[in-house]
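One chain follows as structure tokens, the form predicted on its own.
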Amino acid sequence: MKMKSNIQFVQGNKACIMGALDAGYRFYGGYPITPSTELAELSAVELPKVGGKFIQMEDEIGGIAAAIGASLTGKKSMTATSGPGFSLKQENIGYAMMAEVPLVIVNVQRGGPSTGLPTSPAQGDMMQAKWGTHGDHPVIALTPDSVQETYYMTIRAFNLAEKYRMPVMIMTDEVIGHMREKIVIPNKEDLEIIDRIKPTEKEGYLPYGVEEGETVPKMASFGDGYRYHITGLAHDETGFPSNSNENAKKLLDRLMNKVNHNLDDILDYEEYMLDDAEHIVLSYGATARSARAAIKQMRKDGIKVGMFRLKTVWPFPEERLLELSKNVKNVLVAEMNLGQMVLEVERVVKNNAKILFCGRADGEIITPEEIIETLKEEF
């Protein structure tokens, strides 16, 4: 007999752990920091129940380093942080990008800069997610707007990390992380779970070798008997460092193409009441909840407005936004910072529509009334 779906009333951070466990998550390395600490606490309780391991490291740098090491042994791994902890992880994020290590990094954003507003919401790390580490590399960063979506998006983050052999970020925020909502936990057999592709032949194994037309190498686990060298230096297919400009270009092109050639699979967004819209509100995360309420009110007032909600922040869904912007008067960007994703919107939309901005970084969420007032100033 097929069991009914499980309905629970849970916190956003707990939904993240529930989704991770259902995705096959088995290792957490991290350091407690508000407002992400529940992710560490719950991992410490739940991972031993499924044969997983939790370890609190001495700092944020050690936390992500431990998670990288566990992933190399074949375990689906995660680390989580907030505020300055995300900054401390950047060097090892770059290492995981270069070494192609599957990993999920959760950033429950809070007010900054520095230690800033530890218990208040913000969306001020969006550009850091893209440009925080040095050099050129691909980025996949997701952002949920509800507890239910946090559950599913965490599973998707693990799937993308395993499929494309790279770290994937979940850019949530204090509101989504700490709010509680009813969610439906599906039957596990109904979930799509993706695992990294492992090699089958030890002889001649190249840890960074790919077949013609492919971009993702098969990944052996440390301890399984494969010869495997790993480094953050530019390297060839064997994994050993190479100073060859030709090898460096080949490597970086392949890393970028893992994302650039698979945008149809990676990009995700929501279009809300856009069929006849004359104005677009672009938003994401907790702010999108205020945007949705604002749109419902403006529709009652006869204003044709809809929302383009980012679910995948990086890569940015520029082609779809460009298309939508050709048919509207205004694109209003609402986000809890003083202007980050609005820069991407300006880059993409250009002169197709007027760009408006509704932002704040004082630890308060943006209200529906603020969004309505910002748009109505144009009338």
Partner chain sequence: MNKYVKKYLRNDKLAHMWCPGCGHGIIMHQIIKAIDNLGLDKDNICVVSGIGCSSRAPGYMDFDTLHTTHGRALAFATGIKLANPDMKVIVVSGDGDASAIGGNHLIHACRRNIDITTIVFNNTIYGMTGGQFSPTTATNDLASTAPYGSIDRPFDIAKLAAAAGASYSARSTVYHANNLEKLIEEALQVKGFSLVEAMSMCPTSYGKRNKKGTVSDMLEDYKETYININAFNKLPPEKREGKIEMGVFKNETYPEYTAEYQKLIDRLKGDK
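Residue numbers count along the first chain shown, from 1. Just so it is clear, the structure is predicted and the values come from calculations on it, not from any experiment.
FYI, the form predicted in complex with its partner chain isn't displayed, but the following is about it.
The putative spot formed by M57, I61 and T238 is fully lined by its partner chain in the predicted bound form; each residue has a non-hydrogen atom within 4.5 angstroms of it.
Stretch-level contact analysis of 109 to 117, 227 to 235, 123 to 131, 249 to 257 against its partner chain in the predicted bound form, using heavy atoms and a 4.5 Å limit, identifies 227 to 235. G69 belongs to the set of residues with a heavy atom inside 4.5 Å of its partner chain in the predicted bound form. Shown alone here, P317 lies farther than 4.5 Å from its partner chain in the predicted bound form, counting heavy atoms only. Although the partner is absent here, T73 lies within 4.5 Å of its partner chain in the predicted bound form, judged by heavy atoms. In the predicted bound form, at least one heavy atom of G223 sits within 4.5 Å of its partner chain. Only one of D268, D195, E271, E91 lies close to its partner chain in the predicted bound form, with a heavy atom inside 4.5 Å, and it is E91. Along 19 to 42, a single residue, F27, places a heavy atom within 4.5 Å of its partner chain in the predicted bound form.
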